[in-house]
Every structure is written in structure tokens, then in C-alpha cells.
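Only one chain is given next, in C-alpha cells, and it is the form predicted on its own.
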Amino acid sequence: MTTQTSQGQLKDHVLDAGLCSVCGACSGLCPYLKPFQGRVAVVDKCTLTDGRCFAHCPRAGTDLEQLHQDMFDSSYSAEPVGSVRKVRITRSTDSAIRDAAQYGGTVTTLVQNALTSGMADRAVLTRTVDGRPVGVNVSTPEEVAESAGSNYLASPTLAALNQRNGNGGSVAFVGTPCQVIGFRKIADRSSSTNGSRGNPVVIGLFCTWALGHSFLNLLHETVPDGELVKTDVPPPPASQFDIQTKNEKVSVPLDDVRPHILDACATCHDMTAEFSDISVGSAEGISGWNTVLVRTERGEKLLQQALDAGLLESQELPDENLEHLKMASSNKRARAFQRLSESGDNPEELGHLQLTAEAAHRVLGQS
């Protein structure tokens, strides 16, 4: 019996199964896998049976119970927004950062502070180049500012981490929930192989879905000659996708955008990046502010440094906002787990996720 290669497993269980989120975890190191037009292309065969492509993939054999145990020393219980130490809303005190940012500029400020305070030597971020998101390695506050703002297209950001992995120094990583899980798996494998994981700072971004490459066709049809400045999805009851160019703002019905959402997003259980040190998203209904979920001691230290230095201002998140966030997050998890459970014979085998039988029954019971 021939053992299947890691590339073969990735192709069968992730790429061909519609589970790929184009996070970049399998690329950057491997010459046989390349992000191409919103997907991962296999350009040649690889014979490794223990390759990093399948091991790093957040959509392949991810043990949620073990991840949670390693990070929080507790069982994975599917709390609505994950393990949280503190909840706040924050925004940058620098108007220039706020103007360039998607919302309140909190992520830009936290990353800049991580670099200047010595918590990180470099940062891996997502930057929009010619309308497409790419991963970049940066090391100065000025370079961080160049990556401000959001891009709703799926981004192979982790490829940039792989390109510099093992070069020493601690890293600040900013990514969506699937990218954060990929980052943790890369870090765990690095630790087991060379005994050094560093002390990263992981900032997670709230994410409901990401768009595939086909969305670019809609974008070009909508603003064929405009220079893209920003895209945004306003909170309900608005059901639109806003496209801001240098000359105009155009709103597209969200129903026209939904067909371009990645198939993989339907099986993603994590809306608030539960395995980050600190998670950041928009403060729904509170214009120009970010919701911040502090999860670890390292995340709390990063936030407190920024507050003490006067880089951020902070307020309480209204209870009704937190309850709405919990509801939205729980609904996303329930939809994903339901869809995954329909494809498996055993409750602990939720597609690309692995749970102990006890954890699976507990989580599915709550969902």
C-alpha cells in the first residue's frame, strides 16, 4: 500500500474539496504550490509524505481541543466569542491613522506599538497591491501604516511568514481567523522541529466571509476606470457593499456580491479569531471605533502599553453590542458545524476539524 503524499492529501481533502481559504499557509516555502487567481495551484508533484503544506493547513486536521488547551489551558467549549479576558472599544488618537484605517485604526496602532516597544522585531501584514491583497514583512511604523485598511478578497498572507520563517526575531502577525489558526500550526511545528517558537503577538481580525478572485470582474465592471481607495460592508440594516475610489463612492447590493464568497467560508466556524492574543473588528453602530477582545496576557500587555502611551483611547462596549456579536458568532459556528457534521459519520470528525468525542458532543450540543 502506497502512503499518500502530503501534497496528495492537501489536494484531495482541501483543494478539490472546496475547503481552501487561500490563506498562504501551504505556500512561500514549497516550490510546487503557488497562489494563483484566488486559489492555490499545484504546479508540480511533490513526493514528501510529511510535508509542511498539509501540516500547516488550517483546513486539514485541525485539533481545536489541543489548540485551546495549549493556549488557554482549558477545554474547547465553543464560548460565543471564544476565551476573553477583557472587552473594550478603542480607536487611535492619531487622526491621520484613523483616516487611513478601515475603522478606528486600532490594528495599525497596536502593530506599530509592538515594533517600537520591542514586543516584535517584524510584522507580517496584508497589503493591497493593484487591488489584490498580498502578504508583506515590515519592520517600521511607516511600513505598517502603508498596510492600513481592509481588503475583502482572500489573501495568501501566510506565504510571507513562510518566506521569512526561521530567520530569527519575534513576529507580530495580523490575520483573519483561518490565517490565525494556520499561524498557530506553523508555530507549533517550528517549535517541535527546532525547539524555538519565539514569542509572537497575534492580532486576529473579525471575519464573516472572504471573496474569491471572481469578485474582481464585478469590481472592474462597477468602477472600470476608478482608482480603488477602500471597500466596506456597512452594518445592518444596510445590505450593500461600498466601493470608494478617488472620485466617487459606489454601492453594490450585497446580494450581487454573495455569489463571489469562497465556498470554504461556509464551513468556517470562527468569526472572531478565537486563537489570537487579541481580536479586533468594527464596533457595529459606533462609527470610527473598533471592538477589541483581549484573550491572552500578551494581548493585554500590548493593549495596555498603547493605552498608557496615549496611542489609543478606550471605552466600554455597550452590553447590547456584545450580545449581538455573540449571537452573530454563535450563528456562524452553528452553520459551519451543522454543515460539517452532515459530511461525517462520527461527531468528532467535523470535516477538517478534530475534536475529542467529549468535546464534539459538547460543542455540537451548544450549537
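This structure is a prediction, so every number in the text was calculated from the model and none was measured. A residue's number is simply how far along the shown sequence it sits, counting from 1.
Separately, the form predicted together with a small molecule exists; it is not shown, and the next lines address it.
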Item checked: Non-hydrogen atom within 4.5 Å of the small molecule in the model of the complex for each of V84, F275 and S330 -> no
Notebook entry, point to check: Heavy atom within 4.5 Å of the small molecule in the model of the complex: which of N162, N290, N113, T267?
Noted result: N290
Next item on the list: Sort through Y76, Y103, F183, F215 and report the residue having a heavy atom within 4.5 Å of the small molecule in the model of the complex.
Entry: Y103
Notebook entry, point to check: Quick one: does P141 come within 4.5 Å of the small molecule in the model of the complex, counting heavy atoms only?
Noted result: no
Notebook entry, point to check: Is there any non-hydrogen atom of V201 lying within 4.5 Å of the small molecule in the model of the complex?
Noted result: no
Margin query: Does any part of P80 reach within 4.5 Å of the small molecule in the model of the complex? Heavy atoms only, please.
Written below: no
Notebook entry, point to check: For L262, is any heavy atom within 4.5 Å of the small molecule in the model of the complex, or not?
Noted result: no
Check: Among 245-253, 217-225, 151-159, 67-75, which stretch sits within 4.5 Å of the small molecule in the model of the complex, heavy atoms only?
Finding: 151-159
